[in-house]
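Quick heads-up: it's one chain on its own, the form predicted on its own, in C-alpha cells.
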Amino acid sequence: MTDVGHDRPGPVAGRGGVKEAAAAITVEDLRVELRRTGHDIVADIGFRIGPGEVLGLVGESGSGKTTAGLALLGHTRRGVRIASGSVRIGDTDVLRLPPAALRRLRGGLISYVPQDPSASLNPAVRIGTQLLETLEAHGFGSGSDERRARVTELMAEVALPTEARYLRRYPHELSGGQQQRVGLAMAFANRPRLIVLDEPTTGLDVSTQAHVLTTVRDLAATHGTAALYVTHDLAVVAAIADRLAVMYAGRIVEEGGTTAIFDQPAHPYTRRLIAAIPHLGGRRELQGIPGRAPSPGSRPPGCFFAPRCSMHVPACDDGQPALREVVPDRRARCIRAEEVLTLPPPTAGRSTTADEPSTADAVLRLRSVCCAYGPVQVLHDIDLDLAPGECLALVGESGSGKTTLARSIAGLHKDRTGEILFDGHPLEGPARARAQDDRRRVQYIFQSPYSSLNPRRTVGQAVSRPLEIFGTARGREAEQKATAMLDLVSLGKNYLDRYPDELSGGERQRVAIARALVCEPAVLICDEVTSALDVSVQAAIVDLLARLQRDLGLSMLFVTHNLPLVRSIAGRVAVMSLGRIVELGTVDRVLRDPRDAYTQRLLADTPSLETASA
C-alpha cells in the first residue's frame, strides 16, 4: 500500500494494485466508442479499486478520463455508446443491467459527484429536502425518523451545520465549497460501494479545496467506499489518491502506487506531466508537452504518444504496446518502460530568480480604492503599484476580492471610489467613460477559454476585431496583424478560419491572449486564465505569457488561487483576504517566510508534490 501525505489503512496489493477478492469494483476491457463512426474514445480500460481506496484517474483534457468515469455508472454522453467490457460491483455487472435497474443503482450502490457543485443540486429545493429525497428514493432506513437522523449525520460528516435553519437553505445561499460538500453528502447518503468524483475541486480556492479533499478521504475510509477521483490536477491527486491510473488518448498508459509513480514514473508521458507541475519550493520554468493528443479516428498505428515523445524509436511505430507489469504493482504501456524507470526523477525546467522591481515609475497606481456591490463593501482601501515590465500576482480565497479589484482596474466594475492612475493620469470608473487609448492599452483576459470567444466568429475575426474597434487597422492590414499575433502565440495562419468549437481549451486561451495583445497593451490583466486547463497546457500558457511579458515589456496583473503557479511567473505577490491586501512582497519572501496568519494558512492548505510527499 502506498501512502501520500496521510495515514490510513489500504487495500491488499496484487496485480493491478488490488486482489480481486478485496476489490469493491472490477473493470475489465471497457470500450466506449462513437456511434456514428465506431472509433473508440476509450478502450482496453481495466482496473480494480478496493474498499476505502482512492484511485486517481489523471491525464490531459481529451484523454478520456470523464468518459471512463461515467461509463462506471453505465452512462455516456449523446452520440456515444459502451461497446464492450464489464464493470462489476460485487456480483453485479453494471453494464448488463436494464435501464430501470440501472436508475435504482445510481445513488445507491454507486454515486457520482460532478465538477460543478451547483449541477448536483436543484436550485428550487431546500438542501435538507434534497438529502431526504435521496434517502427516500433508495429506501434507506425504516422510516422518516431514521432518515432524518441520517441527514443530521451526513451534515456532520461533511463539516456543515446540522441545525434545521441551515437545512432550510437553498443552494444559492451556500458558497461553492458548501455546495460541493452538500453534493458529497448526497453522494455518500446511501453508503455506496463506489463513488466517482469528476474534477470536484477544479473551481475551488485552496482552502475550500483542502476541506473537500479531507472530507472525501475521510468518508471513503470511514464507510469503506471505493473512490475514483478524476482530475487533471496532479498536485491534488498526490494528496488524496492511494494509486494512480494515467490516461492518454483513451488508454491507460501507467498504473501503480501514487508515491512510486511520482518518484519514478515508468512512461515518458507521465514524466512530462510531472515536469509540468508548478512547485512551491522554488521558482522554475514550467515545461509543457509539445503538440496535442490525437483524437478518435486519427490516432497513429503504433504508440499513441510516439509523435510527442522524446524517447521515440522506430520500434514504437510497429503497433500499440500492451499495458504490462514492469515491476511489482506497476504497469506501463511502453516498450522502453524498464529504461524509463532508470532515468533521474522528473523535474521542471531550470531554476530562475526574480528581483523586486522599483515602483518609482509605476505604470499603474492604486490609492485608497474601495469597491461595493450595492450596500455591501467588498474592497477596502487598496494601495498597490505595478512597475513597468513587472508581473504581480494577486492571490486569495474565493470572495477575497481579487477579481473585483482586477475588474475595477479594467473599468468593468462601476461602484468604485479611490484613485487609479495609469501612466500618471486617472482612469475613469467604467470602461466606456475612458479615453479610447486607455481602453486599448489596458487589456483583460478572462478565466474561461470556452465563454470568452464569440462562437459565431472565426479566430481571425476574433483577433482582428479590436483593431477595427480602435481604428488601428482594417481589412488586409488587420488580417496580417492578426496572423502575426497568432504566430506569436504559437498557433499560426492555419487557425484564421477556424471556429472556437474546433479548438481545445488551451488553443482557445491562446486566441484570447492574441486578441488582447493585438491591441499592443501596456498592462495585461490575467484573471485565473489557467484554472480550467490541465497541467501540460497550463505550463505552455504560463511559459507563453512569461515570454511575451519579457519580449514585449508588458506589465501584468496575474490573478490566481494557484500558489505554486505564482512561483513560475510572478516577481511579487499580493495576498488578499476579506477585501484587503494582508501581505505584499517578493514571491520568494512571501512563500518562504509568510508573516500574516492568513498567508500561512493558505500555504498550509495548498496541495503540492513537496507537501504530499513530506
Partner chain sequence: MIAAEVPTARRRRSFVTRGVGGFIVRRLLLGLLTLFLVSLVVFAATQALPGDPARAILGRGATPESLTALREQLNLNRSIPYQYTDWLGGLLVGDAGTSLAATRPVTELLGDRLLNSAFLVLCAALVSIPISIAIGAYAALRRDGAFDVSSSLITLVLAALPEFVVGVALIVLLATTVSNLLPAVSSIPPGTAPWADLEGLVLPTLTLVLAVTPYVVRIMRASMIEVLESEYVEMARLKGLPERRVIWRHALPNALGPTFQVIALNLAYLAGGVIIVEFVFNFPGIGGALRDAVSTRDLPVVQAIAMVIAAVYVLTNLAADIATILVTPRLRTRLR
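Everything numeric here is computed off the predicted structure, so don't read it as measured data. Residue numbers count along the first chain shown, from 1.
Although not depicted, the form predicted in complex with the partner chain is the subject of the following passage.
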Evaluate N122 for contact with the partner chain in the predicted bound form, applying a 4.5 angstroms cut-off between non-hydrogen atoms, and reply yes or no.
-> yes
Partner proximity in the predicted bound form: A137 to the partner chain, non-hydrogen atom cutoff 4.5 Å | yes
Does G302 reach the partner chain in the predicted bound form, with heavy atoms at most 4.5 Å apart?
-> no
Using 4.5 Å between non-hydrogen atoms, is E146 touching the partner chain in the predicted bound form?
-> no
So which of 385-393, 308-316, 269-277, 167-175 is the stretch with heavy atoms within 4.5 Å of the partner chain in the predicted bound form?
-> 167-175
H75, R106 and R181 all contacting the partner chain in the predicted bound form, non-hydrogen atom within 4.5 Å = yes
H211, R336, K481, K493: which sits within 4.5 Å of the partner chain in the predicted bound form by any heavy atom?
-> H211
Find the only residue in L70, M556, M576, A43 having a heavy atom within 4.5 Å of the partner chain in the predicted bound form.
-> L70
